[in-house]
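Only one chain comes next, encoded as structure tokens, the form predicted on its own.
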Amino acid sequence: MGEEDPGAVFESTGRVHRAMIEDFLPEDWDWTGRRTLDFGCGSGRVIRQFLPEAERAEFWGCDIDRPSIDWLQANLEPPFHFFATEEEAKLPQEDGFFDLIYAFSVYTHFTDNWAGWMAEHHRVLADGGLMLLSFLGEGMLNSLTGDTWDGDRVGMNPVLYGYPWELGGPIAFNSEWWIRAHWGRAFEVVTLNPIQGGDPPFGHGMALLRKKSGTITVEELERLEPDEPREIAALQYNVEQLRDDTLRLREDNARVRAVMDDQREQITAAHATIAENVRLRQEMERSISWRLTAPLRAARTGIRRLRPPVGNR
């Protein structure tokens, strides 16, 4: 009672994201003849909203979740096209294949591999092609980590390394200056909105990027910005977080060890009790009195068997 219908939420959020895409695209954008990639398409929440446009344009979707891709290929292909990806930054398309790539809640989880995927997306985009990304910025830090936003210290801030995907996985925060410095090496920053909606500030940021010509390498993307003191401040912030994570892990490990030690002591005590009971039983069975009373015990057992049931007396 009173709970939202998951199917209705799925459809409504898909429509919202489609509208957001079109709001960010240039006014002269035309879908006709374009090739678009929904990177991290999941089960097709957004791409299915472009069914009318799929008659005059190519829409591709990819995801690391194989069951979702299998379902999409069986149910929505054609008119759409789908393929599975791996964690390795590699796409099967040729250079300059797509005109637009959009990715919602994907770069928000890229930590060590963000530069590899950005270089790969740069490769498969046509010159002047567009990429629309959501990212975690000021609107999400406090709600996800409890920390207070300081854009001069955040930079590129990966957290929750190794966190299970079923619980959300690792996440990464990006500040405006860092995006312009690093993503800006491969793309012209057309629009950069650090908070998409919300009052007080809350929500993902959005970045619309236009591909610059030429090639880009992972090393170029990752290189620290020269003469930018905030790069060092951001690295120091990351180190502080790693230190805190290490201390928390040690405390957690100490609690686990204490529980394991207590359980080990209980198991040892239980084993000792069992061994003592076995020893006492063996001694009793070996005793003279036990052997002498064996006939009496056998007779008592026989008498019990000969006694009629209570109801038949």
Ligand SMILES: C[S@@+](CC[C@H](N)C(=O)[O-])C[C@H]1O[C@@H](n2cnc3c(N)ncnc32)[C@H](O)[C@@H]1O
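Position 1 is the first residue in the sequence shown; the rest follow in order. These numbers were taken from a predicted model, which means no experiment stands behind them.
Below, we turn to the form predicted together with the named molecule, even though it does not appear here.
Distance criterion of 4.5 Å from any heavy atom to the named molecule in the model of the complex singles out Thr85 from the list Gln73, Thr191, Gln93, Thr85. Checking Trp117, Phe173, Phe187, Phe98 against the named molecule in the model of the complex, a heavy atom within 4.5 Å turns up for just one residue: Trp117. With the partner omitted here, the stretch from 85-93, 233-241, 177-185, 141-149 that lies within 4.5 Å of the named molecule by heavy atoms in the model of the complex is 85-93. At the 4.5 Å threshold, heavy atoms of Arg48 stay clear of the named molecule in the model of the complex, well away from it. Contact check for Val154: every heavy atom lies farther than 4.5 Å from the named molecule in the model of the complex. Put simply, Trp60 is far from the named molecule in the model of the complex: not one heavy atom of it is within 4.5 Å. When contacts are judged by a 4.5 Å heavy atom cut-off, Thr217 does not count as touching the named molecule in the model of the complex.
Using a 4.5 Å cut-off on any heavy atom, the residues of 84-114 that reach the named molecule in the model of the complex are, in sequence order, Thr85, Glu86, Phe104, Ser105, Val106, His109, Phe110.
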